[in-house]
Ligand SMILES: Nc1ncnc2c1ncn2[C@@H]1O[C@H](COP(=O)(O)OP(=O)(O)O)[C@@H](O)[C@H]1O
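Quick setup: one chain, the form predicted alone, written in structure tokens, and binding and motion questions come after.
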Amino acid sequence: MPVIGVLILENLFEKQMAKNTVFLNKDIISPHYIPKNLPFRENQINEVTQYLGPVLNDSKPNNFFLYGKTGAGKTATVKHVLEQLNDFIKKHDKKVCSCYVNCRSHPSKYKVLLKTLRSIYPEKDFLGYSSSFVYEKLLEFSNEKKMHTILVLDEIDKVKDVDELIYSLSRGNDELNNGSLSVIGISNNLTFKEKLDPRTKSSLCEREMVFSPYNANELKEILKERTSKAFKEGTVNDEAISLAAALAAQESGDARTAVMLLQRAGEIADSEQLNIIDDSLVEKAKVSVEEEIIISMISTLPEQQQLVLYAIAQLSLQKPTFTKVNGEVEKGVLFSGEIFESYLDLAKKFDQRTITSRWYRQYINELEMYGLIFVTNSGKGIKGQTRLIKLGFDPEKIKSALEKELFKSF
């Protein structure tokens, strides 16, 4: 009878721990990490601090609105200042509290108010209570505690009834004898405020700040600081940092893109058991993170712009080639007018209001600016004058990513 040997396997995680790694602290090179130091945002930090300054004298600060492209440091700046404010409050016993709400996850007035109340009363569950009850409870907290409550509404453009939300919060101050409610609105959508009701706009945009994208030199300095803490000494070449910064600057000046490139380059180095991250690994990282970056960018677009992009992706799949009058065949080229017609049909399907042709042209310009589409004027072989539009990425992947966003929203 054969003897069956007992095979003793080494623990999988022991083997993993024994592998060499270029990382010292991988969390620091994560796009979700908020550093203590925010280079090139000192002026914005000082400005936000000044806007919130009145609470130190028991006065309501102005509402204010921050906007700019993804990865420009808006959220990091606000969180940094609020962290400093919270430290100050603890030492000096000031009646101030703040609540951060990601409106992508809480896209309605009710959900925003419910999230705020849960942060104030973490031991209680208010799910199921009416919107008016939750609103009154928030006012009661500020009034009875004499509390100045600051609501940070990140991606505020995702709130469907944003006009009603801001109007209620601003009017709520009229009902308070003590304390106050203030709003800090943050948006990646540069044209969002133009669509607000005039009363909402005047209330929310008492103060405004625009965050410009980082340039290549700024991104390089940001990456140098992050890599010195995230990676082991001597593992990241200057050429790799320069290339990651340059690629991110070309895309949109997004610091998160730059960070993601180096993070993925480090992961490739570990998987291939390399000790140095050079520009060739950043090139490899670019291929693997490009799709992730695009999907991330798509998720930040306003719903109407997502519908326009969806129309382009859908038509690109339905009409893969276009034949000119002279017989020349173009792949994936669409007419601006047919895209607009397709968009109108989609808006009707999703029971959404439609934008005007002027706003449609604005959205097309922005999608081109983000690098998601290519736009050219019609030339030889095409009757009349129109704009020709071509998707910059795989239409199937863009369509799939948009369906996840649109079906979730609607």
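A residue's number is simply how far along the shown sequence it sits, counting from 1. Note that this is a predicted model, so its numbers are computed, not measured.
Keep in mind the form predicted together with this ligand is missing from the figure; the text below concerns it.
Residues 69, 73 and 222 are all found to lie within 4.5 Å of this ligand in the model of the complex, as judged by heavy atom distances. Contact with this ligand in the model of the complex, defined as any heavy atom within 4.5 Å, is confined among 251-259, 91-99, 124-132, 196-204 to 251-259.
Think of it this way: in the model of the complex, this ligand has a heavy atom of just one of 59, 37, 356, 377 within 4.5 Å, and the residue is 37.
Residue-level contacts in the model of the complex: of 30, 362, 352, 49, one residue has a heavy atom within 4.5 Å of this ligand, and it is 30. Within 4.5 Å of any heavy atom of this ligand in the model of the complex lies no heavy atom of residue 231. In the model of the complex, this ligand sits beyond 4.5 Å of every heavy atom of residue 263. In the model of the complex, at least one heavy atom of residue 188 sits within 4.5 Å of a heavy atom of this ligand. In the model of the complex, this ligand sits beyond 4.5 Å of every heavy atom of residue 111.
In the model of the complex, 214, 222, 226 are the residues of 200-226 with at least one heavy atom within 4.5 Å of this ligand, listed from first to last.
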